[in-house]
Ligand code: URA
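Only one chain is included here, represented as structure tokens and corresponding to the form predicted on its own.
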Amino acid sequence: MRLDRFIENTLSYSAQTVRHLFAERKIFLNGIAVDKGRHQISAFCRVEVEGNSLQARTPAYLMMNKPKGCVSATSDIKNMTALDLIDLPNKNDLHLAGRLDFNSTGLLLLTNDGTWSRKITQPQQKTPKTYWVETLDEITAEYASKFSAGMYFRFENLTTLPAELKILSTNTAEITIYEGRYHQIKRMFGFFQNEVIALHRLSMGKIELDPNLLAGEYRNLTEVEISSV
């Protein structure tokens, strides 16, 4: 939105009044006095008018090691949510950039920057997401071949994008997918009638889960991690 329109809407000032404020250099944008209203501002620009702050929102980007039995949501009347684990001011401004199932664990991203979160979650971005998976029965080379070819989901009438499977042991593997269909990994293993008993997200794009984070712990993303999206 244009700066002048933002001020008019927020303070219910007339356009003429706002023009006078600009002329008197009583409007500051990110700490700098400005004399024109044509500047385009985002939700994270600091706007001050006559010494009063109209907007001083700071962007926030967090990673959490989501524990089992925690809902990937900002509110839930029955269960503990990811937001319940966070002890920060303005935490209610946060939303999830990608979800995990109730019993799945690992990397969860939270932010108040909708533009940033859309970049990492929109299907057309084809962001790689890597998981560690443990299954009830043996994982064979046939799985890797089937996953890489794409798998047909009858309910949605679509074929998944090729996925990469690296077998680690008889019952464990790393799998990388490039979309986020409903219960996608569990359904892919379900094709072989093999139950997934543990699922842990390791990375999204270039952002990897910090190995020092215990279950339920979180930290701010680094500048490198933020700019990787």
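Position 1 is the first residue in the sequence shown; the rest follow in order. What you see is a predicted model, and the numbers here were worked out from it, not measured in a lab.
There is another form of the same protein, the form predicted together with this ligand; it is not shown, and what comes next is about it.
Novice: May I ask whether Glu142, Phe192 and Asn194 all come within 4.5 angstroms of this ligand in the model of the complex, judged by heavy atoms?
Specialist: The answer is no; none of Glu142, Phe192 and Asn194 reaches this ligand.
Novice: I'd like to check something about Lys186: if you look in the model of the complex, is any of its heavy atoms closer than or equal to 4.5 Å to a heavy atom of this ligand?
Specialist: Contact check for Lys186: yes, within 4.5 Å of this ligand in the model of the complex.
Novice: Is there a heavy atom of Thr127 no more than 4.5 Å from a heavy atom of this ligand in the model of the complex?
Specialist: Judged by the heavy-atom cut-off of 4.5 Å, Thr127 is well away from this ligand in the model of the complex.
Novice: Do Val47 and this ligand come within 4.5 Å of each other in the model of the complex, heavy atoms counted?
Specialist: Taking the distances in the model of the complex, the answer for Val47 is no, it never comes within 4.5 Å of this ligand.
Novice: Is the gap between Leu199 and this ligand in the model of the complex 4.5 Å or less for some heavy atom pair?
Specialist: Yes, contact at 4.5 Å.
Novice: Can you pick the stretch from 113 to 121, 99 to 107, 77 to 85, 151 to 159 whose heavy atoms fall within 4.5 Å of this ligand in the model of the complex?
Specialist: Within 4.5 Å of the partner lies stretch 99 to 107.
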